[in-house]
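Here we start with a single chain on its own, the form predicted on its own, put down as structure tokens.
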């Protein structure tokens, strides 16, 4: 590893301070737990600000999903103030303060020396857009340092902060506090500083506003308030440099465009398609997390449109992008869009949403295409359906890390379709208890809406779920009796050589 050249400290830029009378952020809309954290930090003599997406959302009149705090207190000092606190993160050291189901993330101001615009850190992988967006904690990873970093250790770390060659996670210097790989992507950054430094380390101007609990003012260094008023999304600094530091910022730009309805600044949008291949160097687990944020937060349909328009779907899920490009306006695309709209409705209503169902509708086209490439005599075989699911999931996993439980869930949903399409006797009742029944049934309804499954059969399953126990038995008994294995095999065979539609699509 080689050290980067020493950089000059950038002159501080004074913020525009917006007094309470000139903005709409009210403490009545701020989480009481976030206020407790802010007040305790203030009373202990530290500066404490709400920062990031929560301030942005409050200005927009939205209810923030989470609240994040920025402070000049070191993580170890935060931990000493809160018994319900633990330190997390390997790349970025953060303090998480727990209040039941709510976690307040506390990040220390970044940058002991103001770095160039090429050295800002990654945002957090936390499921929200927040102050904590400047930090990251990995699930299950706890770092308890047990005291402040000593000056000699900090000096040793700063001296080795920027290797120029390729770095693997195991190569990280345990004393280094700022490290980069050969593409400029930041691997670690624990250099602390002041609020004047910290603002330049954030990503978008709309996410760089600080709400000061001391006098309830908002500090704006980069014109974020004006950009929010104009519904404009603009990166802080040179966009290409910022994307190279953290390619996930491209997906974040698409997510904010879809979620907030903001328009991307021309300079922020220009490098997206040109630099999208940099996403190939991002850990697949992080890309999967970003995919869930794009599609499970109530703006999935808009996210799909933005990703396709910006050329980013080809980097995130290339098999899905290739299918949609080859079959514009197809029934499968309509099914996908309706499935995403259904997911949006559930999310906005506060109902649970399923990554398994999301993956099933996203991969529907690639799975159908794989089945259609097989001999037509295999289109209705369960083994063919399962093989197609496995292949489509493997292709997606080359880019995003799909956890095994979700991959198996997709497999089970598609394997259930023949059994749902051809219910037989009392076996249909047993299917109601299957853990994937509801997801499989929802997929059947989607298919029936577009003529890809029997609408009559879909209605029968709906009535069966609404019926009482005795009525269910009568409905099941009214079906054709169980067939022999030979008869079932014959039923799954396509009728005639002219049949073109496989069982799944």
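Bear in mind the structure is a predicted one, so any value in this text is a computation, not a measurement. Numbering follows the first chain given and starts at 1.
The form predicted in complex with adenosine-5'-triphosphate is left out here; the points below concern that form.
Engineer: Give a yes or no for residue 207: in the predicted bound form, does one of its heavy atoms lie within 4.5 Å of a heavy atom belonging to adenosine-5'-triphosphate?
Structural biologist: Contact with adenosine-5'-triphosphate, yes.
Engineer: Examine residue 202 and determine whether its closest non-hydrogen atom to adenosine-5'-triphosphate in the predicted bound form is within 4.5 angstroms.
Structural biologist: Yes.
Engineer: Taking the shortest heavy atom distance, is residue 256 within 4.5 Å of adenosine-5'-triphosphate in the predicted bound form?
Structural biologist: Residue 256: yes, in contact with adenosine-5'-triphosphate in the predicted bound form.
Engineer: Is there any non-hydrogen atom of residue 227 lying within 4.5 Å of adenosine-5'-triphosphate in the predicted bound form?
Structural biologist: Outside the cut-off, so no.
Engineer: Residues in which of 460-468, 46-54, 439-447, 30-38 have heavy atoms within 4.5 Å of adenosine-5'-triphosphate in the predicted bound form?
Structural biologist: Result of the contact check: 46-54.
Engineer: Looking at 234, 380, 286, 93 here, can you tell me which has any non-hydrogen atom within 4.5 angstroms of adenosine-5'-triphosphate in the predicted bound form?
Structural biologist: Here the answer is residue option 286.
Engineer: Which one of 399, 79, 276, 252 is close to adenosine-5'-triphosphate in the predicted bound form, taking close to mean a heavy atom within 4.5 Å?
Structural biologist: Looking at the other structure, the residue within range turns out to be 252.
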